[in-house]
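A single chain, nothing else alongside it, follows as structure tokens in the form predicted alone.
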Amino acid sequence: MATTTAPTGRRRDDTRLALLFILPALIGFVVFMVWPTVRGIYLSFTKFNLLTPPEFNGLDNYIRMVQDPVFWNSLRVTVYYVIVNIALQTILALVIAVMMQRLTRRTWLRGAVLTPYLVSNVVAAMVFLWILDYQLGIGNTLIAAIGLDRIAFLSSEAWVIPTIALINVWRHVGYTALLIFAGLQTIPETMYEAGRMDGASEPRMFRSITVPLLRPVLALVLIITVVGSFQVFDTVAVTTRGGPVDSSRVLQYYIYDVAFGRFQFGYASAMSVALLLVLVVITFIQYRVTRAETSDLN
């Protein structure tokens, strides 16, 4: 007896519906990301001060930038800050994430770790500005109470960048730790069980299992944190305003000062484009060196 199969209908095309949902985000991306970037690149080739129309001046802004000692000092200070911030933040976040993975996975602990990230950079900077005040800050009061000399955390050329880095590490380390913790969840528990059966200690399993299998996540975390660190601004603006003697004048603060303090928007745009190119190069190098597109789990 012959059997017949019911005709199948045409597969529904959800492309229009998908585009409808994507459209608001796409509009926001174009308006707040793409257009300002294109506009900034255009202004970098002009002389513009808001009072008169942009006047094309070719590569004058870029030539001035190359010859500007303050720009190079700001770039050096920024790189110094990024190195200190990334080193401390990544190591602490990795330790916290592994401890949460190996010792406890309680939800309330994850919430507590994330709490500093919910505080804005401006508020965190203001709080630490009071805590670390040379005369009245509770931090220096405790240091003096144990018989040590007070430390000019935010007014000393030697201490100012490490202090700003520590403030931002305090705020961001919880978020970074949770990103790494999420990556740890992708490592099969059987890998650790096999390691224990072979007699491997926790430090050995961390070196031989956790770090290699966590590499793609660590690569993503490093890219995010490095790009964010190069854009540090608000902590410096609240605490030191670039001082003392330009020792904390990071590149973003210098761009802000040139644009909104001196109204030289063309030159500020040129430095912004230079920062964009630096970040693109650094991100590409990180992506290639860390092999972020591959995983050892495959």
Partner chain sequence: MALDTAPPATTVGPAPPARTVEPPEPRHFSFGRALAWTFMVIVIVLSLFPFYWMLRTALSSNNALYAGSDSLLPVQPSWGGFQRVFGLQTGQEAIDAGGAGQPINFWRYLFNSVVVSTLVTAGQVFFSAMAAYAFARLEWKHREKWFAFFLAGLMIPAIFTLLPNFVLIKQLGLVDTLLGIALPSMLMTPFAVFFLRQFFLGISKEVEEAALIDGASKVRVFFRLILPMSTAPIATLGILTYISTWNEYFWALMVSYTDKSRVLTVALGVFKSQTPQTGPDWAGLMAATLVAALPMLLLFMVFAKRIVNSIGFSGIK
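Computed from a predicted model, the values in this text were never measured in an experiment. Residue numbers count along the first chain shown, from 1. Just so we're on the same page, rigid core means the largest C-alpha set that superposes within 1.5 Å between forms.
One more form of this protein exists, namely the form predicted in complex with the partner chain; it is left out here, but the text below deals with it.
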* **Stretch in contact, per heavy atom within 4.5 angstroms of the partner chain in the predicted complex, of 175-183, 155-163, 71-79, 205-213** => 175-183
* So which of Ile143, Ala200, Val95, Leu88 gets a non-hydrogen atom within 4.5 Å of the partner chain in the predicted complex? -> Val95
* Full three-residue contact with the partner chain in the predicted complex, heavy atom 4.5 Å, for Gly28, Ala112 and Gly228 -> yes
* Asked: How about Gly40: is it within 4.5 Å of the partner chain in the predicted complex, going by heavy atoms?
  -> yes
* **Non-hydrogen atom contact Leu17 with the partner chain in the predicted complex at 4.5 angstroms** => yes
* Asked: So, in the predicted complex, is Val281 in contact with the partner chain at a 4.5 angstroms heavy atom limit?
  -> no
* Report whether the minimum heavy atom distance between Thr190 and the partner chain in the predicted complex is within 4.5 Å. => no
* To do: Determine the residues of 133-163 with a heavy atom within 4.5 Å of the partner chain in the predicted complex and present them in sequence order; the list may be empty.
  => Asp133, Leu136, Ile138, Thr141
* Displaced residue check between this form and the one not shown: Leu277, CA, 2 Å or over, core reference -> no
